[in-house]
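Next up: just one chain, as structure tokens, the form predicted on its own.
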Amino acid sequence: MEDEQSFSDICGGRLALQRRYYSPSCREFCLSCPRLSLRSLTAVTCTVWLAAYGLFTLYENSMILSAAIFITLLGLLGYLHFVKIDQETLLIIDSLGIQMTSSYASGKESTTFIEMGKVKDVVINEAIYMQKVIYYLCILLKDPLEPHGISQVVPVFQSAKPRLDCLIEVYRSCQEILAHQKATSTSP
């Protein structure tokens, strides 16, 4: 079963949350951000090239125009490959673990997998960000040395920064799967 719902990020931008229910013990959440805006890309490119043209007319050196074009292209490629994330995915399977995938605008993907045996809990945490209190979903990892301790906090959906209403949807489903996993692991 699959459904899609619209939410907003902490700045008011649109986000799309796709929920896929594969079984009672396996769910996937895909949070999609808007694609790169052609308007903002054109504005930045024109600004850099106009500044380069102004320097060219002042110094009459054609290397300035060539350098501006080269730097703009390298900056755009670097932004698309290392910064702009189009989609973040959280896949949770109670018997295996949690997989987080970030898909960049260039097509590159970055995946992190956490074994279920290392997961202590999934919680919604709060932080102060740019004079605002924001909420974020995070995975608490068990401390191998102390059974009741937490060794690490792994934030989820770092790039999209969804608002609390979206996080609550994902949190409830994660808690259902964690409860199902604990029930099946404790029963003989």
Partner chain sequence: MAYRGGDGHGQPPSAALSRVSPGSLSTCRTHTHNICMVSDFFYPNMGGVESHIYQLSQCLIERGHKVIIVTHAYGNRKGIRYLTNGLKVYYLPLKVMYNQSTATTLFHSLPLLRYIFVRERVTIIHSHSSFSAMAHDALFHAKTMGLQTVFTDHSLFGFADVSSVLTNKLLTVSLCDTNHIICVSYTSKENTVLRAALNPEIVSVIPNAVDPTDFTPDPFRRHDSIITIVVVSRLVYRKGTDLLSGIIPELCQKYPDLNFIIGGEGPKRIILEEVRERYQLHDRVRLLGALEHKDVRNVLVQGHIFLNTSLTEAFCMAIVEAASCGLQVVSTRVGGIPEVLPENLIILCEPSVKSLCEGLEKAISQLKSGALLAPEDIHNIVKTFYTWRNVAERTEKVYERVAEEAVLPMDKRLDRLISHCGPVTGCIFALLAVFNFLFLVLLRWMTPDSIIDVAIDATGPKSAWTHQHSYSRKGSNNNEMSKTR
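Numbering follows the first chain given and starts at 1. Keep in mind the model is a prediction, meaning the values are calculated, not measured.
Beyond what is shown, the protein has a form predicted together with its partner chain; the following relates to that form.
In summary, among the residues Met130, Met63, Ala43, Ala51, the only one with a non-hydrogen atom within 4.5 Å of its partner chain in the model of the complex is Met130. A heavy atom within 4.5 Å of its partner chain in the model of the complex is found for one listed residue only; from Leu38, Ile150, Leu145, Leu58, this is Ile150.
Residues placing heavy atoms within 4.5 Å of its partner chain in the model of the complex fall in a single listed stretch, namely 132 to 140, out of 43 to 51, 132 to 140, 66 to 74, 27 to 35. At the 4.5 Å threshold, heavy atoms of Thr112 reach its partner chain in the model of the complex. With a 4.5 Å cutoff on heavy atoms, Ala16 does not count as touching its partner chain in the model of the complex; it lies far away.
Contact between Cys11 and its partner chain in the model of the complex is found at the 4.5 Å heavy atom cutoff.
Proximity to its partner chain in the model of the complex holds for none of Met1, Tyr22 and Leu91, with the criterion being a heavy atom within 4.5 Å. Shown without its partner, the chain has no residue in segment 38 to 65 with a non-hydrogen atom within 4.5 angstroms of its partner chain in the model of the complex.
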